[in-house]
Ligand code: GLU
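In structure tokens, one chain follows: the form predicted on its own.
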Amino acid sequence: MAVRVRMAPSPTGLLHIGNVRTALFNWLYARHEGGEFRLRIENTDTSREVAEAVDQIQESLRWLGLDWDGPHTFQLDRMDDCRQVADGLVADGKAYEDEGAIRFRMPDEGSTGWDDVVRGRVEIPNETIEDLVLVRSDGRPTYNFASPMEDVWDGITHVIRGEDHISNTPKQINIIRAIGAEVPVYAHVPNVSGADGKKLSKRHGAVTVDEFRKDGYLPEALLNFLALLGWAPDGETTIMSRDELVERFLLERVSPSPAQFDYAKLDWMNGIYLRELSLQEFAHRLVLWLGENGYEWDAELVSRAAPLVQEKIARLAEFPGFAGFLFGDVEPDPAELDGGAPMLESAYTALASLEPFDAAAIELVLRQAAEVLNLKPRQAFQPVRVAVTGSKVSPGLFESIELLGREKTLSRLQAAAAAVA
């Protein structure tokens, strides 16, 4: 039988990165095995909020390049089917009515076990499993009934999900056995934790796909990083393309140990991906990110500034901090200009009639001005940098001045010199 797996998120908000990591493992396994990856929405109502969450889930998966097979389905659409199965279980004596609800009779003796691909053999004493509500008194099926039934109807061969579902598995296995269906293979992958060992949450930083996208991570870098949370091909390789991940992914190499989300490592990895982009593609990604995040900056100037920052930033969201001086006014800290008035005035004079106004010529005249004032380059250029860019940290000074242009450069030098005169 061909492999068929599924992602089954609840549409309760933005897509958590831990759920995305589990979805990625499902997707990688399906693609590695030449099987199918299905998307199922485990909803219980059809409110506008649910519709918005479903759209967001799909957009997040598309952005990451996780395509699914066939149309997405909704748990709600199979309520009637679940009710018919529940009534059949009651007729067979395997379930019973209880205050308007229907409960499943769990076995009282022995244990329910399965061979977990990630965790090995798992056995749960049946005496610890309570009789499960299948259908509530209002007619809605419970998660632990609808989910395994849909796995059966959809022909799911492998259920790959987070370890927090381990307690649900014996209940679902008993229901599947009770209707005479084949039990899928289960694999419970480790949770994703923060540096403190606790489950990843907002207190650790960004946790949703939307937040990581807004923070300027590339989808291919985020995908590579997520794949290594709990899985590794050999313990050494870190940078892998999507195709290489698919080729090398083995479910048996997923570790049961908690996976720690290291934001610094993600920044490092994203920086590598940024620097591997062609200059044209890097500029294109910058322009797209800026547009998505409300920056109405000139695309041509962004493209011209791209070479100055490609080696310096780890995330696209750092671009405004490095190059924002090109697109808006700056407010230098007078304390950082202290003692710089002579150099600021000399720089103004040297640049006022300079031709051509390019980085090479700018560097030559500013170094000459520093020599005349008997200043070391760092002493001379820092006040100029602060005056022109508003910060002690910026892209290359001479290239920055060229991009900023003569008029704005002179205006900022004049204002800064006046401020410390």
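Here the structure is a predicted model, which is why all the values come from computation and not from measurement. We number the residues from 1 along the sequence you see.
Here the subject shifts to the form predicted in complex with this ligand, a form of this protein not shown in this document.
Contact check for Tyr96: no non-hydrogen atom falls within 4.5 Å of this ligand in the predicted bound form.
Among residues of the shown chain, Ala416 is not one whose heavy atoms approach this ligand to within 4.5 Å in the predicted bound form. Contact check for Glu42: a heavy atom falls within 4.5 Å of this ligand in the predicted bound form. Remark: His165 counts among the residues lining this ligand in the predicted bound form, judged by a heavy atom distance of 4.5 Å or less. Stretch 140-148 is the answer when you ask which of 175-183, 254-262, 123-131, 140-148 has residues with heavy atoms within 4.5 Å of this ligand in the predicted bound form. Heavy atoms closer than or equal to 4.5 Å to this ligand in the predicted bound form belong, across 1-15, to the residues Arg6, Ala8, Pro9, Ser10, ordered by sequence position.
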